[in-house]
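Single chain ahead, written as structure tokens, the form predicted alone.
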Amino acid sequence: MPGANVVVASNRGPVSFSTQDEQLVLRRGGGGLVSALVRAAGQPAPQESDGAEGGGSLWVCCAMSEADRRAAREATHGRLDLAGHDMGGGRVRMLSIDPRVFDRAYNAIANRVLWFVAHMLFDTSVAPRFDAGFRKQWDSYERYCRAFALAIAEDAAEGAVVLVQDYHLTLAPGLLRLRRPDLRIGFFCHTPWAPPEYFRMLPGTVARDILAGILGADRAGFLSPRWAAAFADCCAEVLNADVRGGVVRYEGRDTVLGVHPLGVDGDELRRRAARNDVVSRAATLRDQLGGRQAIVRVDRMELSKNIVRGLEAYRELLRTRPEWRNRVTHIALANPSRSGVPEYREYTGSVLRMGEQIRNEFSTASWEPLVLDVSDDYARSLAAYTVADVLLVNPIRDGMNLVAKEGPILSRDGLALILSREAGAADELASDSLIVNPYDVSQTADSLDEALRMPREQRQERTRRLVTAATALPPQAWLRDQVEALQALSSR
């Protein structure tokens, strides 16, 4: 089979499988990265063949469950043809990797080390600890990245464009470069990047391997100039690389740094929000509000999202400004995330306990101050945007944060956005947001008060400008820009 002209590689893919009556059932994959890429990856890229027998695009991903692994085994050479499915089209190659290798690479390294470094989340008095067990886990991470590199090398056409996604696959560009120097390789980082003084807590060989792996790409993309600059600083200090003019030169090769602030497909989001499941949930939420204002947050149950401090700020608002009691309800929706990581299970408990404290302190027979839901209900999340008067987005650190962009698009009557200065989205949205220090609970409570008092006309005008910024670079354009930038580079 002819190779693909455009290859996207990511940990999760555009589809996942379950079993029902021993039959495989296909559904759209989960996760924010997949949501951003699934439509974009299905669009014809510049100079891309549409031929059904080859060319076109291919998505390489990992089988995440036993049902996924079965689907990979039963597919022809592990490749799934999504023609006829509402998945953006194209082909998918799902890699069946030993579950033990996957667990160590994904849970132990990617999610408990690399994610924590990127978001600067470690309690350094006790973690991290790099011992013999870590070395075994790191070996699995190398094997995981190598499996992706081998699969891409096998399936990419001569001179193809390859887009490797995120911290799960930092070694893959360098490993792929060794096997296929003809390819034009891009790497995109969807997380923040830590400054050198934090990044250097990693063992020296690991820190160097991560940076050198990414520098195997022709271009390395980031969501914010802040994260690109931090990466460049790490390359200079850890690798002694030559950094100038947005280019990192290392071991005789140049890697161009790019910034692509991912936006939202506003039309597609509005179409999804018009479906009956969203409309019915919005009606239920309006009934619960009973005419009160709504402070809304929509997150994954993720340490970096800062949910506990957000709840503490709401509690302080009700304590210090009692006039808001029975006049506002906080709708806090948090989808489960990384339940296999102990820190995340503990954090979920902390969120639930804080929610219970708020209810116990302020609930009355006629008023429930907090609607807290930790289930996975995408339709309800979209519905919450439509009823929001205030949208609270206060992450400790975030590569971008699409919630800050989605909320204004679906707002029915304008909203006030409270946004952490540490979110990548603040680069574009700060001028029409109330910017907060995510660690400052009192400042956040003050901003909640200001947002609730903001005149309707001001909310509406701010929301119009937020929507313009949020839709400036939708996923299709975001991906196309990267493909075109790679195609513009001469082969190396």
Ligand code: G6P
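Note that the structure is predicted; figures quoted are calculated from it, not measured. A residue's number is simply how far along the shown sequence it sits, counting from 1.
There is another form of the same protein, the form predicted together with 6-O-phosphono-alpha-D-glucopyranose (G6P); it is not shown, and what comes next is about it.
Of the residues given (Y198, Y167, F362, Y347), Y167 alone sits with a heavy atom within 4.5 Å of 6-O-phosphono-alpha-D-glucopyranose (G6P) in the predicted bound form.
When 6-O-phosphono-alpha-D-glucopyranose (G6P) is considered in the predicted bound form, only one residue from H260, R300, R281, R226 comes within 4.5 Å through any heavy atom, namely R300.
Using a 4.5 Å heavy atom cutoff, none of R184, F187 and R219 lies near 6-O-phosphono-alpha-D-glucopyranose (G6P) in the predicted bound form. Looking at R480, you'd find every heavy atom of it more than 4.5 angstroms from 6-O-phosphono-alpha-D-glucopyranose (G6P) in the predicted bound form. 6-O-phosphono-alpha-D-glucopyranose (G6P) in the predicted bound form is approached by T191, whose closest heavy atom lies within 4.5 angstroms of it. Using a 4.5 Å cutoff between non-hydrogen atoms, R180 does not count as a contact of 6-O-phosphono-alpha-D-glucopyranose (G6P) in the predicted bound form. Contact between F231 and 6-O-phosphono-alpha-D-glucopyranose (G6P) in the predicted bound form is not found at the 4.5 Å heavy atom cutoff. For 6-O-phosphono-alpha-D-glucopyranose (G6P) in the predicted bound form, the listed stretch (208-216, 323-331, 115-123, 377-385) containing residues with heavy atoms inside 4.5 Å is 115-123.
The partner is not shown here, but in the predicted bound form the stretch 335-351 reaches within 4.5 angstroms of 6-O-phosphono-alpha-D-glucopyranose (G6P) through a heavy atom at R338 alone.
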